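The chain below stands alone, shown as structure tokens; this is the form predicted on its own.
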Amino acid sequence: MKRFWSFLFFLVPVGGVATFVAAPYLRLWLPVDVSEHGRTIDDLFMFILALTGVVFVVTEGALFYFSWKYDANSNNAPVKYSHGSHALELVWTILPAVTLLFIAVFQMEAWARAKMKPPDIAPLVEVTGRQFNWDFRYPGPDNKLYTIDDIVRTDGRLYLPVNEDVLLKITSADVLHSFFLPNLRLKQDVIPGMDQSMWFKAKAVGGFDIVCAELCGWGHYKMKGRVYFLPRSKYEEKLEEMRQEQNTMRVGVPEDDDE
């Protein structure tokens, strides 16, 4: 057990660095990026990871060094007390503050693109979070939401065109939710009574996960969906298919009596 804690502190940075190095090769890394702006988000993530990783390794290395050098079983020198150093306290207060300020400035453009500069287009779909499902409303041929020709889907499947700017209107019907698209590096908290927006441009066709990233109740675990990116022609065909399906379901439904 001699110097056990020294080795433990040494294994923490070694294991941590090894994990992050091996993760991409073991397919335990970030989900595949299919968005036009995803590279910016990933680069920002990697920069912060590298910066905090250096601090992590240096800190754990210092713990290992001092626990090894001043092990009580092998060091019988009397303890010396110090009242500290004001200069050192200023250094380790100012350095983190400057680092955090630099990160705040460094990420401003990425934040502005994702949260402050929506494309000048009409919302393509309205997304509504509810316990425990994602509902989607598409405008009909009149290209306006909340009219009689809207297409409403409650199956958790969202269809969007690829290689085009997409603007989503997002709201909640009950409690807090969070509309998370991991493959597009975007997440938007959904607040009851507030209309939120999300915009992006996908660069790959296929189906990808939709996740609720906010604990919204007992059924939070099953609040899943899929977003499918299609070429424009296939997207139009899918809209028409959903429109016909919805119209078929309406056939035979009796109208309300005025009595």
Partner chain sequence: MSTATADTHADAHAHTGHAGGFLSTYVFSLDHKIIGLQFLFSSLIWFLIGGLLALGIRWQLAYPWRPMPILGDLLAGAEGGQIAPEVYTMLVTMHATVMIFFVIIPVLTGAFGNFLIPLMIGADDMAVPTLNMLSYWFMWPAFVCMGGSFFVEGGASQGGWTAYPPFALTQGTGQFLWLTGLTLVGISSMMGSVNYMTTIIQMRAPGMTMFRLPMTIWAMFITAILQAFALPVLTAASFMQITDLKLGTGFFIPEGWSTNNRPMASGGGQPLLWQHLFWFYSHPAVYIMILPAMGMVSDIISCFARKPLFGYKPMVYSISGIAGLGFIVWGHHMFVSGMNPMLGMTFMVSTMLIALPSAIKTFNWLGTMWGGKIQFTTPMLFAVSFVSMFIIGGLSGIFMAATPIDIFIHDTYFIVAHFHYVLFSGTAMAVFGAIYYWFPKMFGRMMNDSWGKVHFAVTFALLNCVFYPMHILGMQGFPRRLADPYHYETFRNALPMNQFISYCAFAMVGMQVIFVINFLGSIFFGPRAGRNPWHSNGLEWQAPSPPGHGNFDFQPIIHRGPYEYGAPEVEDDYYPQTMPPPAVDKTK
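Numbering follows the first chain given and starts at 1. If you're wondering where the values come from, they're calculated on a predicted model, not measured in any experiment. Think of the rigid core as the biggest set of C-alphas that the two forms share within 1.5 Å after superposition.
In what follows, reference is made to the form predicted in complex with its partner chain, a form of this protein that is not presented.
Not displayed here, its partner chain is approached by A97 to within 4.5 Å at the level of heavy atoms in the predicted bound form. Contact annotation for R27: at least one heavy atom lies within 4.5 Å of its partner chain in the predicted bound form. In the predicted bound form, none of the heavy atoms of V125 sits within 4.5 Å of a heavy atom of its partner chain. Taking non-hydrogen atoms only, P119 never approaches its partner chain to within 4.5 angstroms in the predicted bound form. Looking at 22-48, the residues that come within 4.5 Å of its partner chain in the predicted bound form, counting any heavy atom, are A23, L26, R27, L28, W29, L30, P31, I41, L44, F45, M46, I48. Positional change of F64 between the shown form and the other one reaches 2 Å or more at the C-alpha, relative to the superposed core. Annotation for Y146: C-alpha shift under 2 angstroms between the shown form and the other one, rigid core superposed.
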